[in-house]
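This document contains two forms of one protein chain, each encoded as structure tokens and listed individually as structure 1 and structure 2.
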Structure 1
Amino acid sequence: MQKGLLIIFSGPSGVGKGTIIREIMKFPELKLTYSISMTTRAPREGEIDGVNYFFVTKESFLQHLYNDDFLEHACFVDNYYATPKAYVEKMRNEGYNVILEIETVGAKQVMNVMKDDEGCISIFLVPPSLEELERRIRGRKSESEEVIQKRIAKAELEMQETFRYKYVVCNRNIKKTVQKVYDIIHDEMQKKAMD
């Protein structure tokens, strides 16, 4: 059985990562699965524990960290986020391509531990402009003004990390972005199959 790819998918808050991932997962031939992260952030309206995230207390998060359960972890605007490693390994060993929707600090940790030939690829989604990004973050109407300001400042910092990623895709139009991401994953799967 060919081991699946590890797909790091990053981009500033509000760029549309969730939408693109939801769409791309509709293609069974890409054999994708989504790694559900653990977070200490409170659920937003409509978010479900065990679907969007595993929502945990800070104490529980730190216990998992202590137990070495995470592939990577990071603090993002006052909350902790991490990728549980057991699921990622299990699914990759079953041939699935695992998507990690993570911010840049955690992505850097994964890139540091993965060698080039270990099947890890990285995609960074950028907005057409920072003004458009701010409009999208505000449009979500789920955060306080303070958190919105912090997320916008964080977005500007994250945009400086694009050089670490193998692919940078501008999310101007959902349909076109999905096509581009589809092509990237499809090509990478073919490359891996020829190894």
Structure 2
Amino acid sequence: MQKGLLIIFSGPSGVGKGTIIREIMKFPELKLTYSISMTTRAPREGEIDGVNYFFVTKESFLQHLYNDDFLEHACFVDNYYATPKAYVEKMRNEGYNVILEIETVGAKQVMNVMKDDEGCISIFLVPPSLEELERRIRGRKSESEEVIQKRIAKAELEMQETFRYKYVVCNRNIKKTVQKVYDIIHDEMQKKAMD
């Protein structure tokens, strides 16, 4: 059985990452699975350990960190989050292509850890323009002006990181973007099969 790919998927908030991933997961031939993160935060209603997250205590998390068990880790609002190496490797060894939807800071950590791994690819999703991104964020009608401005400023910084990624895809049209991402993953699977 061919070992699966690790697919790093990044892009600014509002660019459509969730939508593209949901659509791309519908193709069984791509054998995609989502990476499950470990966190110290409490489960929300309906969340299941080992499905939504691996929920652990802070002590357990810090022990894993000390043991170098993570591809990347970060702290948000007093809770830790990380991508466990063992889970990602287990899924890849079972032939799954693992999608890791992650911010640029975490992506940089993963790329450093995985630099010698030929099965690691990175895709950065960009909007047609910052104006279009702002329009999409405002269209959600779910955030204050202050939060919108922070998201735009963060997007500008994140877009300066695109040079680190193997592929940069512009999300102008959902159907065409899904096709482009499909083609990238399919081509990478074919290349890996020929190795």
Ligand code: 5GP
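What we label the rigid core is the largest C-alpha set whose atoms superpose within 1.5 Å from one form to the other. Bear in mind the structure is a predicted one, so any value in this text is a computation, not a measurement. Here, residue number means position along structure 1's sequence, counting from 1.
- Here, the chain labelled structure 2 is taken from the form predicted alone.
- Within the set T33, S142, K150, E103, the hinge between the two rigid parts that rotate between structure 1 and structure 2 is located at T33.
- Two rigid parts account for the change between structure 1 and structure 2, and C-alpha superpositions put the rotation of the smaller relative to the larger at 29 degrees.
- We note a C-alpha movement of 7.1 Å at G50 between structure 1 and structure 2, with the rigid core held in register.
- Core-superposed comparison between structure 1 and structure 2: S60 shows a Cα shift of 8.3 Å.
- Comparison between structure 1 and structure 2 places the CA of E146 2.4 angstrom away from its other position, after core fitting.
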